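This document starts with one chain, in the form predicted on its own, laid out as structure tokens.
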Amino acid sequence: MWHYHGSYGFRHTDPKYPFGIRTKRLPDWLPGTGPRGDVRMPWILLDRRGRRFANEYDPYLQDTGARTLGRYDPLVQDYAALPAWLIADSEGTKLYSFGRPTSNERGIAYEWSADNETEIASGILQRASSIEALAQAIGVPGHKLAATVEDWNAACAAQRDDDWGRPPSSMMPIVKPPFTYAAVWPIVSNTQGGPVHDSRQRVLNADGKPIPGLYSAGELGSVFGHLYLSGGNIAECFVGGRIAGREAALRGRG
């Protein structure tokens, strides 16, 4: 029931814009082949203790990026990365727009600025003059944040992320103030969760038995629920819908 796909992104400070804003869509890459080699990502993500907790540029980031933010931390009895903190330095902030708003609701739209300055002015992104000021702003001890940034910069120099395996070509150091930061949250792009069904599209109860008269089709309880299949979802709608319709019609005759 929990399956959905999405990345991480920002909340708009204007309540009239009700949607989450995904980070810039970077090219997807395949496990074993890596990204193109010319794609740079200027930020890292930190949990609320000031530590990196994942590869910020996973394969299929727009579908998988949200998942790492949802880990429940039993040590603190809370979700340690909700929200997570995105941080970058001034050089990275100049690289490109950090956000990529999308919306299909009439009358609601937002265009992210090319240099991120509009978002800094509106408070979607914020600035800190030093690592110490940044630590205070995000509520973590200064020495912990300094150690995290120092470790990250050393990894960038070595072009190797031994902690989380981020692609070397994407890695950029965080050195030059002022530093940009923002709270980021899971952003839902596509839902594929739903109740479990059998090959006859009959919805099953907790004991694995069919619920009389209840059927599902398409992405509701998709057999591809843990993945994102693009056009494969459409095929599932046609096939599953036909099976469910046939089963329902046969039941009606009986």
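The term rigid core refers to the maximal set of C-alpha atoms that superpose within 1.5 Å between the two forms. Residue indices: 1-based, along the sequence shown. Source: prediction; values computed, not measured.
Just so it is clear, the following notes concern the form predicted together with a small molecule, a form of the same protein that is not shown.
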M41, heavy atom within 4.5 angstroms of the small molecule in the model of the complex: no
Can you work out whether G218 and the small molecule are in contact in the model of the complex, taking contact to mean some heavy atom pair no more than 4.5 Å apart? yes
Would G232 sit within 4.5 Å of the small molecule in the model of the complex, counting heavy atoms only? yes
Taking heavy atoms and a 4.5 Å cut-off, does I243 contact the small molecule in the model of the complex? no
Within 4.5 Å of the small molecule in the model of the complex by heavy atoms, the stretch out of 218 to 226, 56 to 64, 24 to 32, 199 to 207 is 218 to 226
Core superposition between this form and the one not shown, C-alpha change of N55 at least 2 Å: no
Does superposing the core leave G20 with a CA shift of 2 Å or more between this form and the one not shown? no
Core-aligned C-alpha movement of G9 between this form and the one not shown, 2 Å or more: no
